[in-house]
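Single chain ahead, by itself, as structure tokens, in the form predicted on its own.
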């Protein structure tokens, strides 16, 4: 066992906020990049587009929601305004919006239709509002633009029901001679906390961390507890208050939360990762990219390496010029949803027997990890030595996946574990344990995949943990 220092114990005590915990339980949700770029065949608009180019004559947000839900996702996040400044709702802040288009006689509101479609389908709804605005004349003037932006935020936060997420993109391509705007992030955050207290603030906020790329690639060891300076908002505030932080933060830096990474970091925060990726080469719809829709096998692999490795997955699905999700995308998404239903059709560990070497007390026995109630879980008490769990399924089954979850409401502590199967199916003599997997973190969810085995018994060994350990779920498929 590694000796525990004060910083490691401090990391074990960091827990998610209720809004972060609710967000992590969502796991998989959709991004919808839609706007004037859809009609100008662009990725980054200039801000000089004629609003009348926006003509989704067959807009069908109900189709979006139906497909997103069928794909196994639990929410949808819409680009209410991208960098071009064009607003998908009839805002009072600018004439660069749907109100200036002849579409629906200037009375259309994509945000409202999307919000209603999401909720009618049982999906959570969130919004993206680009801070960079290439159309707005006040951009780069300081407080005048900040007030303009807060007015847009207020409209979105008060007129479209409850939001699960407000997503801020830090992109800006102005260049060294372009307009420079100092964003008043703290005022944006305060407004969100006031009007949408249950919404996480993602990427440029304090709730959800960008994984560091847009390729759907997560870390093999994805810690939710990381040094404070990996949050740009905390870093800006900390440096202003005289705290020391690295001069440059590389969001793709691989090791963020190991004992080595946090050793001299000072304050630690709960800042879980989101993996974002587009189903197509670009983020907006382009007909020429119909050939480039990611294959089912690729999306499935991304899912397992994000949702299955303690991150959430934000999959971009750009509606086309009709205002619908394109047929090729639909076909792949329906296949993905069907595949995930097959992959997790029946938890064969349900109703089985799970034992462990030790536990905190009678209310936190190993058997609690088989209970679907997240409030019932195994707790080690003081973790002073490795602990072995034995799962006995009662009879033999074909198994190729094990799902493990820590009880992250009490933090993330497990640093190293291994999974084994008993190849002695006859049950005569001692078990013959053979290794299936050797991993580091578990966190909200870890899916361990392996070649299918016919087995009755599985062994989980938690080898290293930060002071104590918990296990909320042990599932087999």
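All of these numbers come straight from a predicted model, not from anything done at the bench. Numbering follows the first chain given and starts at 1.
Heads up, the form predicted in complex with a small molecule isn't pictured, but that's what we're talking about next.
Asks: In the predicted bound form, does every one of 82, 167 and 214 come within 4.5 Å of the small molecule, counting any heavy atom?
Replies: Yes: 82, 167 and 214 each sit within 4.5 Å of the small molecule in the predicted bound form.
Asks: What stretch, of 437-445, 31-39, 412-420, 51-59, brings heavy atoms to within 4.5 Å of the small molecule in the predicted bound form?
Replies: Result for this chain: 31-39.
Asks: From the list 103, 183, 189, 283, which entry has a heavy atom within 4.5 Å of the small molecule in the predicted bound form?
Replies: For this set of options, the contacting one is 283.
Asks: Only one of 329, 276, 222, 207 comes within 4.5 Å of the small molecule in the predicted bound form by heavy atoms, so just point that one out.
Replies: After the contact test, the surviving option is 276.
Asks: How about residue 433 - does it come within 4.5 Å of the small molecule in the predicted bound form, if we only consider non-hydrogen atoms?
Replies: Outside the cut-off, so no.
Asks: Mark residue 377 yes when one of its heavy atoms lies within 4.5 Å of a heavy atom of the small molecule in the predicted bound form, and no otherwise.
Replies: No, no contact at 4.5 Å.
Asks: Look up in the predicted bound form whether residue 89 has a non-hydrogen atom within 4.5 angstroms of the small molecule, and give yes or no.
Replies: Result no; residue 89 lies far from the small molecule in the predicted bound form.
Asks: Considering only heavy atoms, tell me if residue 149 and the small molecule come within 4.5 Å of each other in the predicted bound form.
Replies: Residue 149: no, not in contact with the small molecule in the predicted bound form.
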